[in-house]
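One chain is shown next in structure tokens, namely the form predicted on its own.
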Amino acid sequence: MAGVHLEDVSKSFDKVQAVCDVTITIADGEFFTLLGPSGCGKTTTLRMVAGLESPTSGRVFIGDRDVTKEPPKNRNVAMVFQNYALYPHMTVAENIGYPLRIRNKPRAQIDRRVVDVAEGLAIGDILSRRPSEISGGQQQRAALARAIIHEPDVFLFDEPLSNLDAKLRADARTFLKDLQARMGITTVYVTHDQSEAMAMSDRVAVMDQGTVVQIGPPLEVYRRPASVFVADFLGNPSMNLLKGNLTLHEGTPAVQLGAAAVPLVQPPPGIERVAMGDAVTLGLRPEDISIHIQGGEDGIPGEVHVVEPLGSETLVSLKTSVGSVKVKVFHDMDLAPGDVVRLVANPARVRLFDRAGTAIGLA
């Protein structure tokens, strides 16, 4: 097993810059996710690790080896694709054993390894079937078995769960995370699904327009986004981003949002680089806002627009003088469209961004 290092890697297709100066170090045994919207360069980055694309510039290392110019077969990586890429004319057993056959391993060794790996993935009873005769979840496990069987140094996953239905996708997330932890194989995972990234990863790299804009543990990136882009991309629903101006409220720095002032009880480090009166963006996750129905002058006045009961939580959309706000409520509240309320922020979770959309005070 081995870690992965990308050093100033770029990739251009004709005049299109798909990946620009990406530098990432992935530790041996780490589950690392490239996360971002479609077209941000994450799959191209993964394909350069696999050797399916050659960097226009920069270097790729697997362990201590510079593999930038090495063909895929010499990298000892295993890649699982979105469509699983199982051979339709082969049985599940033949698909799983294919990587060993092309390495000319003895037939008895192949058969033994196929059974061992298939049993470990709970598909030992479908080895004689063809891909068209098994479910999507079974196809996914067959593709995983084929990847595992030759004991690679690195797993590469390109949106492997996107073709599964919601329940099966959730089950597969748990299975994949447990499998990777047990095997301890370095894993690079590509997805646009933030719930997958949050649930499975040791660290995530958020990409935008071919560049890495933030790297960190999932919860850190979620709670402390480095930019308005990351704040808006992560979260379902995403962070509320309200435009205002920096001001003083009873001697404390605050953000003026229309007629309401939100005090910065814990002013972020570096706030001095923003002058009083400057335009800023205040960021609040929907779960970090409480709704007050009666009395009081604190908070942002708002009107309930839509109430969506979701079982364990209720999502409330509200109209305010500075734009729409979404709030997650985790207890029963008697709310209806048209109700006038006040929104109070959790001061410890307020995030602040400057005019350029860069986080203020992110260490």
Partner chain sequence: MRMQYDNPILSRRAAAVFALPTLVFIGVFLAFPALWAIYIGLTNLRLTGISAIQPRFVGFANFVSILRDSFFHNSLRITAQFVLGSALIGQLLLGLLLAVLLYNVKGPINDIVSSIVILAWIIPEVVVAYLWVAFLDYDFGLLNATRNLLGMPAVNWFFSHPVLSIIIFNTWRGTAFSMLLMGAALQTIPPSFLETADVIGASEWRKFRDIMLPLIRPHIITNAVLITIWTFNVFGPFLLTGGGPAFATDLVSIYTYRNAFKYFKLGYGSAISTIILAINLILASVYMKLARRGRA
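Positions refer to the first chain, counted from 1. Source: prediction; values computed, not measured.
There is also a form predicted together with the partner chain; it is not shown, and the following applies to it.
> Which pick from R169, R75, R285, R113 sits with a heavy atom within 4.5 Å of the partner chain in the predicted bound form?
Replying inline: Checked against the cut-off, the match is R75.
>> By the heavy atom within 4.5 Å rule, which residue out of D298, E313, E30, E70 makes contact with the partner chain in the predicted bound form?
In response: Result of the distance check: E70.
> Which of 333-341, 299-307, 56-64, 33-41 has heavy atoms within 4.5 Å of the partner chain in the predicted bound form?
Replying inline: Careful reading of the contacts points to 56-64.
> For L52, is any heavy atom within 4.5 Å of the partner chain in the predicted bound form, or not?
Replying inline: Flag for L52 set to yes.
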